[in-house]
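One chain comes next, on its own, written as structure tokens: the form predicted alone.
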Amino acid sequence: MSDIAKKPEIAFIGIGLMGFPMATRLLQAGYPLRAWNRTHEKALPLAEAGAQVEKTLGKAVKGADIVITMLEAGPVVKDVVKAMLPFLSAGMLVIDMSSTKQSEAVEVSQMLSEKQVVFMDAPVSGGVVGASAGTLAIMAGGSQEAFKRAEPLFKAMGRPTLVGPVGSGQIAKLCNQLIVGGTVAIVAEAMLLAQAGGADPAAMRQAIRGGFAESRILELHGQRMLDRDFKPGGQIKSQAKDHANIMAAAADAGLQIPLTAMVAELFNSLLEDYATADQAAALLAVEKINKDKGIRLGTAEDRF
């Protein structure tokens, strides 16, 4: 029996910016994989990597051992899961790797439990670069048994950690996005402060690298800001959505998080004009706040 035959059959639902490289990693690891996307043409390139691209959701999920969803938001996840319910059977494992609300993950889990289908929420961090390299941070919520079953395929995509019961993955992802979004905004403010104060922003960034301010965000997004390269990686609309979910989770827990509330407003202010730009475009919001001072980071043209 071949290694491929020994591996569970995967149905991967949602072949977008993140879903495509994640599904590709599973194919490269030898998993038999069926793919489905609402826009069928977006999934077709996966066929070249060995996927069976289906035109209907039912054909994609029926008979699969594990179904993975990687979709835009919680409401979309719920709609897709409802649509696939008639094609699911007892014992199947459904893993939602989208970023949703904790309450939405719990709701989907309850919906699937009525058909004796096991559910895990397992959102990711690392962006398209991490998805392509197989280095995503994977935050899983579910039972120990479900995690053990999913762990081998998780490891084909990145570094998985079981953080608690169903819904805990989403809370961990929100904590991640809270830190990421806040740090992106702070780096943008630091860059503009250096510019306004007469220091060379690139030299300032280099000077503080390796100290306590060092981070992947200073490394990657700091350079993006210097280059004014806002071509989409992690998008503004995703950060805005995640920050809305963060604020909802905080409200549910009776928690006040004032700094994050300001960061949420900053990302929301960019939605009308820069929704699909990289989150490094937080710089544009800080520049807009200071437009009367005429301060702009560098002289490069904006790239989107």
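Numbers for residues come from their place in the sequence shown, where the first is 1. Not measured: the values here are computed from a predicted model.
The form predicted together with another copy of the chain exists for this protein as well; it is not shown, and the discussion that follows is about that form.
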{"query": "M92: touches another copy of the chain in the model of the complex, heavy atom cutoff 4.5 angstroms", "finding": "no"}
{"query": "Another copy of the chain contact in the model of the complex: T260, any heavy atom under 4.5 Å", "finding": "yes"}
{"query": "Non-hydrogen atom contact P75 with another copy of the chain in the model of the complex at 4.5 angstroms", "finding": "no"}
{"query": "4.5 angstroms heavy atom contact with another copy of the chain in the model of the complex for S132", "finding": "no"}
{"query": "Another copy of the chain: the contacting residue among L220, V117, L226, L153 in the model of the complex [heavy atom, 4.5 Å]", "finding": "L220"}
{"query": "The single option of M157, M84, V187, L71 touching another copy of the chain in the model of the complex, heavy atom within 4.5 Å", "finding": "V187"}
{"query": "Stretch in contact in the model of the complex with another copy of the chain, which is absent here, among 75 to 83, 109 to 117, 92 to 100, 162 to 170 (heavy atoms within 4.5 Å)", "finding": "162 to 170"}
{"query": "In the model of the complex, residues of 186 to 201 near another copy of the chain [heavy atom within 4.5 Å]", "finding": "I186, V187, E189, A190, L192, L193, A194, A196, G197, G198, A199, D200"}
